[in-house]
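Just the one chain here, laid out as structure tokens, in the form predicted alone.
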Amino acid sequence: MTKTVSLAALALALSAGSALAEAHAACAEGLTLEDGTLTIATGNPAYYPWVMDDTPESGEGFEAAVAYAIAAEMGFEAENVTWVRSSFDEAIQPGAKNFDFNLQQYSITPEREEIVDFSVPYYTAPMAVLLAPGVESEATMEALQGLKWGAVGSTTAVPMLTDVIQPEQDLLLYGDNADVNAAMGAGQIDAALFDLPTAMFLSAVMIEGSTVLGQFAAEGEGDQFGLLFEDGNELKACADAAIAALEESGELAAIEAEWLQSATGIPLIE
């Protein structure tokens, strides 16, 4: 009797799982740029810990792994995922896109949502202070105000600096992270704000002698990253459902633990 009930329960579970998979697959039907294929964009290049070795198709790195997990929830096998590249600013401009969605640490902001659409968040990142080589500072607001700061003009680091830190010297604005990194390496700026995983990567790999001074507590909803879609793209609802399923199952948390677990132990700035 027990065996019969167990087999029946297993059959029911498999049936439910099959129905769920079919429902997820159906949600994207006819909504992608190319039928049967999910086209995903990332940066050019894409950096650790978001993408390992600038190879998103490997599925290694936090955002690469998230992308394939979302694709699977939407009914796409790995071989039916295609990658394209775009700059950060290029993707966020209005108009038609050459991707179904783009993920390269896009913070969800009201201003950006007037131009493009975002999914529900797949990651909430605290902001961290990266000090240039040879620069020392205490992890206090008063000390931070005396530093010479640089930032990418299109990122959420700018309002964080102007509204929260309020540096005494004029903020230097740059076109992208590479320009900020170069300015820091050349001694033109003392510090810059990045999301915590990026700050740790830059310190460990890209800018020799730089240090991560501390991180800010994520207040309220924090700095949330979302998939970027062309404005009005109906595929967003399908992606939202996929992210919700990954959160509920714990898979999203497991991916974060695997690829971003090292981004811990940095003191809070108060």
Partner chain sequence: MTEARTRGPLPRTRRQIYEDRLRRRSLLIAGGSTALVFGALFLLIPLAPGWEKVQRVFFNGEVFARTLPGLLEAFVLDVAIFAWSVPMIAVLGLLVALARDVSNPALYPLRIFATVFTDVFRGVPVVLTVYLIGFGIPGLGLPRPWNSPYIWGTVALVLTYSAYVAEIFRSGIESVHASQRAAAQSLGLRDKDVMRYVILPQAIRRVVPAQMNMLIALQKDVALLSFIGPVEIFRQAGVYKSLMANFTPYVGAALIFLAVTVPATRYADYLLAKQRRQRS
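This structure is a prediction, so every number in the text was calculated from the model and none was measured. Here, rigid core means the biggest group of C-alpha atoms that superpose within 1.5 Å across both forms. Residue numbers count along the first chain shown, from 1.
Only in words, not in the display: the form predicted together with its partner chain, which the text now covers.
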{"property": "Contact assignment for its partner chain in the predicted complex, among 165, 172, 84, 72, heavy atom within 4.5 Å", "result": "172"}
{"property": "The unique member of 139, 92, 120, 161 whose heavy atoms fall within 4.5 Å of its partner chain in the predicted complex", "result": "92"}
{"property": "Heavy atom distance at most 4.5 Å to its partner chain in the predicted complex, all of 145, 195 and 256", "result": "no"}
{"property": "Option from 72 to 80, 181 to 189, 196 to 204, 123 to 131 whose residues, in the predicted complex, bring a heavy atom within 4.5 Å of its partner chain", "result": "181 to 189"}
{"property": "Residue 230, heavy atom within 4.5 angstroms of its partner chain in the predicted complex", "result": "yes"}
{"property": "Partner proximity in the predicted complex: residue 104 to its partner chain, non-hydrogen atom cutoff 4.5 Å", "result": "no"}
{"property": "Contacts with its partner chain in the predicted complex, stretch 144 to 169 (heavy atom within 4.5 Å)", "result": "148, 153, 154, 155, 156, 158, 159"}
{"property": "Exceeds or equals 2 Å, Cα of residue 177 between the shown form and the other one, core fit", "result": "yes"}
